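Here we start with a single chain on its own, the form predicted on its own, put down as structure tokens.
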Amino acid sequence: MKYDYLVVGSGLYGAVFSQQAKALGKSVLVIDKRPNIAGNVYTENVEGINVHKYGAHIFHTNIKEVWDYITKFAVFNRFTNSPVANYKGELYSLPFNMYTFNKMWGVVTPEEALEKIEEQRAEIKGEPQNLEEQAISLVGRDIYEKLIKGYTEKQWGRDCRELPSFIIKRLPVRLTFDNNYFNALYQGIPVGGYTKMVENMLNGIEVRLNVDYLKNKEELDRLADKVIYTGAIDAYFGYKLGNLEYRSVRFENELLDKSNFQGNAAVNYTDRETPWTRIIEHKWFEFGKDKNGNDLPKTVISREYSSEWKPGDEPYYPVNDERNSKLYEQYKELAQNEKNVIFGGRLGEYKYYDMDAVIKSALDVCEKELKK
């Protein structure tokens, strides 16, 4: 059988495109080299807990069109992301807000907090030359040293003075007691997990797992008129212009015979000495309850370690520095010559996309591609 579209990858971008294409009467085949659907938003049920297998995914958006679309496939709970920073045993609220400033300096009013920040910002004269200077110019040295420096260096594997300032163009500074990390109108986690949501999106669509597109490219290309490719763009072209760089993440998961490990979904470890960047306790994404509303007796935690990507690792986020941005532009030119292939998603567009932006990007492509 010849399909209208071969969709490579069953993550959010691939799932949105496939769902929209099928709704318009197109025939679609979805393939994925993993043994499961849902890409990096895949959740796996362990002891009644939906474990975010490839890192924490908290849905948040201000785009009503995206919210209206995605809520057709799942009911979202009212989870609010309020991470905690642990600096050598001292606990601070994130994002930086009045709780943070009170703990850091003992200040009580917004006016006192602002005065303290202004006083510390003043050490940076002129245009910030690197990430360290940029951070100090935004929030002062104390917050930089305790809550930004160690975490950022672990995340990027580089000294903050070697990192470009644009990585943190802005840092949220709130002179209120608001612990909600995202400034988003809509936020939550799909009840029952992301895998169930993606299953609903791919309902009635043929999906083949454990299929490596790049190893069987010619044969698979013959199956469809057009390809939607959501893998790494440099891999598609056999790395012929060189490798794009990514950061990768390694997870150490533990099932613990206790009901509460840290009392919060996410705790960031912001000192340089602790090897992991954060610990996720997955049950709190769904308030520690099973689907019937009962308290869960066990808990699953994941320690996250950031690492330099190498072939064979899972690429997580692009290193958008000057070298990689130039190289991506060259690959993008090659991609534009592939008349029957659409490159999309985080890896296909070498872009650090939030989930809502991936969905919006896919919906925009559907609008152009499917409704012509």
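Between two forms, the rigid core is the largest collection of C-alphas that superpose within 1.5 Å. Owing to the predicted nature of the structure, the values given are computational and were not obtained by experimental measurement. The numbering used is simple: start at 1 and walk along the sequence shown.
There is another form of the same protein, the form predicted in complex with a small molecule; it is not shown, and what comes next is about it.
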(message) When the contact criterion is heavy atoms within 4.5 Å, does I168 count as touching the small molecule in the predicted bound form?
(response) yes
(message) I'd like to check something about T270: if you look in the predicted bound form, is any of its heavy atoms closer than or equal to 4.5 Å to a heavy atom of the small molecule?
(response) yes
(request) Flag I148 as yes or no: does it have a non-hydrogen atom within 4.5 angstroms of any non-hydrogen atom of the small molecule in the predicted bound form? (result) yes
(request) Answer yes if any heavy atom of Y317 is within 4.5 Å of a heavy atom of the small molecule in the predicted bound form; otherwise answer no. (result) yes
(request) Sort through Y87, F73, W284, W156 and report the residue having a heavy atom within 4.5 Å of the small molecule in the predicted bound form. (result) W156
(message) To verify the annotation, which of these, T152, T299, T195, T100, has a non-hydrogen atom within 4.5 Å of the small molecule in the predicted bound form?
(response) T152
(request) Work out which of the listed stretches, 170-178, 119-127, 290-298, 205-213, brings a heavy atom within 4.5 angstroms of the small molecule in the predicted bound form. (result) 170-178
(message) Please state whether Q134 has a C-alpha shift of 2 Å or more between this form and the one not shown, with the rigid core used for the fit.
(response) yes
